[in-house]
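Single chain ahead, by itself, as structure tokens, in the form predicted alone.
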């Protein structure tokens, strides 16, 4: 693939609607506009509408108004709309990937992979729309019948993060639409363009007015708080930090909203003595460097059996040190910029703290001078147990390696965190694999593979990583209520 031209970039940006999408209409924001920045240059790509509180309320009004008709809409037709949107995304994958790279920074190849992943949620839930069922049973005493049915939960607020600009939207929007819910979507202010394009694609796919409403805003707390307080809203789905998740839960408690929370992570990557080290290194590269390390599923700390820890760290350093860093639109680039200066400074602080506690820098360890928010891929060896880099979510291209002496020690180290989203395990011993998988306190495990995300699987965590599941048959249940009817015969 050749390097993208400036003309191609402008063409893609020009195609994006820049307004709010409310009740089937594109309209300006009452607060003016907000700039969307290219993290590879620090320069503005364009400006999009900045919503006011009244704009956000209008979006909820539209969702509430459209709710009854959409709940009664034939499930097959709901599924067909999602299917058409899936096909449109796949047809436009190249331009959508370029748009994603411009607003978020990841290399084009990774953006294309996310486009496919994002589209798959629409295809998966298009098929789930016609599989919503209930139960009919004889009461235990034989005197009556027990009837249960599933109904849409009602108007939903979906708040998405910046790191996967399209996929974090489709895996919420897809099941909501399939279940018969109407939604208000608030994308991250750093990366609203991909979600604006999704709204346009769903509009073109025939989604009725008011079913999906999209609000871009410079302040999520200012615009979303009144919606969360509104008794007409019935569900909140949020992907983001645990800190913000706690605040949203507190706000949502007043109206006892249904909640889905996909929060922070601190994923351990365990490599045992008998592991295929070549496969472990390949899996580690995927688990660590996907999305420049800016993923809640990113391997955050590498616990490696002492006998192979030095070799593993050395191989990781060799591979990460050879990766080309640059703007994601350039040919051959494997590592793009971090999302902004604040994130780069956090990564730098974590590395400096680890070095201060005795860690060795095998490769990297520095920010890059010049435009953009680049940080060199980094491997740290001999990381002390009290280093912040083992405790906090890195969200960057830094791999800290530490050793363990036994299976029990490895499991204890893996579980020594408030988070519980995902863990990765490499071993060729089946019995050991099952013992470790059962012992890990996480919602997901990658066993001898560095990727767990799949639209057909339930994505989610435990502990401080949140609750609820996105994807799989479980995903649509998050948008359905169960009604029981006692039948007197």
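Being a predicted model, the structure only gives us computed values, none of them experimental. Residue numbers count along the first chain shown, from 1.
Heads up, the form predicted together with a small molecule isn't pictured, but that's what we're talking about next.
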Looking at 361, 413, 159, 81, which has any heavy atom no more than 4.5 Å from the small molecule in the predicted complex?
159
Which of these residues, 104, 122, 267, 168, gets a heavy atom within 4.5 Å of the small molecule in the predicted complex?
168
Just to confirm the contact call: exactly one of 85-93, 122-130, 323-331, 212-220 touches the small molecule in the predicted complex at a 4.5 Å heavy atom cutoff, so which is it?
212-220
According to a 4.5 angstroms non-hydrogen atom cut-off, is residue 377 in contact with the small molecule in the predicted complex?
no
State yes or no: in the predicted complex, is some non-hydrogen atom of residue 396 no more than 4.5 angstroms from a non-hydrogen atom of the small molecule?
no
Answer with yes or no whether residue 188 is in contact with the small molecule in the predicted complex, where contact means some heavy atom within 4.5 Å.
yes
For residue 182, is any heavy atom within 4.5 Å of the small molecule in the predicted complex, or not?
no
Can you confirm whether 239, 244 and 421, the three residues that make up this candidate site, all sit within 4.5 Å of the small molecule in the predicted complex, judged by heavy atoms?
yes
